[in-house]
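Shown below, as structure tokens, is a lone chain in the form predicted on its own; questions about how it binds or moves come after it.
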Amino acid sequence: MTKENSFLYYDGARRSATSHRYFDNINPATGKVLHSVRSASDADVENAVESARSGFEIWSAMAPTERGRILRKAADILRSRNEEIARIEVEDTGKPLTEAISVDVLSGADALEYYGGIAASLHGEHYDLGNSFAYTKREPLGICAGIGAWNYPVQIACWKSAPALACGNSMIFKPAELTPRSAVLLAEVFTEAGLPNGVFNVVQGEAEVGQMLTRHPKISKISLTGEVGTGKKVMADAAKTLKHVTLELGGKSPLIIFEDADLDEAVNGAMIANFYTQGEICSNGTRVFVHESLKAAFLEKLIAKTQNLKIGDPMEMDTQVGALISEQHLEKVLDYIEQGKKEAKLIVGGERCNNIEACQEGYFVTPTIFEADQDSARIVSEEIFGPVMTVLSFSEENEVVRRANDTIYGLAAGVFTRDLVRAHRVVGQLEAGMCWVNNYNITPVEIPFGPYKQSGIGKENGLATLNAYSQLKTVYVELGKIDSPY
């Protein structure tokens, strides 16, 4: 274990924090401390803000074509370091290496490449008004702050920084304290690609450091990926200076499987929607509604495939289920499982797994399936954020739509059916910002991803998010005489 390893980044270089507060960077698969990381102090945050201010002056004045070229070069460098950064993600998150190599780093690189390609095409509009005309121009907001989550650290850092930088902003990024390392590596990638000093900065710490960003008067925008409770606090802080806010928060998403669905595809979809990244995905379809005529066959196939999943050392390429992020989160998930045993029927899993070679102290839980009758049960209605699926039955379309929408959340939803007319009809009624038909948890950077209801505000990805990182200026130009009443 190292005590201090320069995990801050501003003015184009790694920096050491100066506070007296530390937090542990723990490998979830082993329970061992990798680093003791020093939190940023007030002075460190101010240094990062000043760095971002200086960087913004240079970056916002740069030709958009050049900005795009640098982002695309950063994407190339990130891809070239895929396995190296993926292994660090695995050490920090506990997720399987096969996932990190195929998704985490590469999807982040896709975001940099996508927005790098868009940077030069950002434009306003012209309005012909006869003896006058007007035009609009899209301008950056200034300094943006990104606050990341621990389940997809480098991907989220790219999802926030790529559109922000493409629009000409600078960014200060605070990764989750449980996964502090990859954001600093991303900062180094940006610098290597030619990003001017100060355009992308990293600060470390827990909630108090996040509050320094959300309350800072020189920061114009906050983008958070996190829990609903945290999002409400961030929004309240941001309101004091009327910051722009994007919030991608939690969910308890429905996955609806109709009687005509391809059974094998539906089972695969339900497993992806619950067990990928050991269930630690905000959009997961954890309420699986299965038509009563298909339920028995669905459960038979689901149970068999779930029992064959390989739980193991995340660094092994054949591991399919890794470790939960922390001991505290492990206890939370196990508590929900114990509660679930009182409310529903446990049919698979539900145990801590501590017999994995070299990972006996890791935070592993066997993939868990409950069969439930009551939508009001806590395991049905509350976000667990672990490998815990609840299967419920339904009989009528109108009934399942009503039940699917009966939640404070609105992040995502999925439908499996061969009847595409019904698929479109149902997703048209679902109160969710991201809906899938005959698939689940597929989020290419080209399409907007974001919530309804208390799952948050705004969109990540696609062209839609450019509105969240820029502001529109309108200019009116008079060509004739002023029509003056004086």
Ligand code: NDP
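All values reported here derive from a predicted model rather than from experimental measurement. Residue positions are given as counts along the sequence shown, with the first one as 1.
Keep in mind that the form predicted together with the ligand is not shown, yet the notes after this line are about it.
A heavy atom within 4.5 Å of the ligand in the predicted bound form is found for exactly one of Gly148, Gly349, Gly269, Pro254: Gly148. Only one of Thr214, Thr246, Thr368, Asn169 lies close to the ligand in the predicted bound form, with a heavy atom inside 4.5 Å, and it is Thr214. Note that among 77 to 85, 354 to 362, 184 to 192, 231 to 239, the stretch whose heavy atoms approach the ligand to within 4.5 Å in the predicted bound form is 231 to 239. Remark: Thr225 counts among the residues lining the ligand in the predicted bound form, judged by a heavy atom distance of 4.5 Å or less. For the chain shown alone, Glu265 is not a contact residue for the ligand in the predicted bound form, no non-hydrogen atom being within 4.5 angstroms. Contact check for Lys174: a heavy atom falls within 4.5 Å of the ligand in the predicted bound form. Shown alone here, Asp406 lies farther than 4.5 Å from the ligand in the predicted bound form, counting heavy atoms only. Candidate site formed by Ala207, Gly210 and Cys282: every one of these residues places a non-hydrogen atom within 4.5 angstroms of the ligand in the predicted bound form. Applying a 4.5 Å heavy atom cutoff to the ligand in the predicted bound form picks out Glu383, Phe385 from 350 to 386, in order along the sequence.
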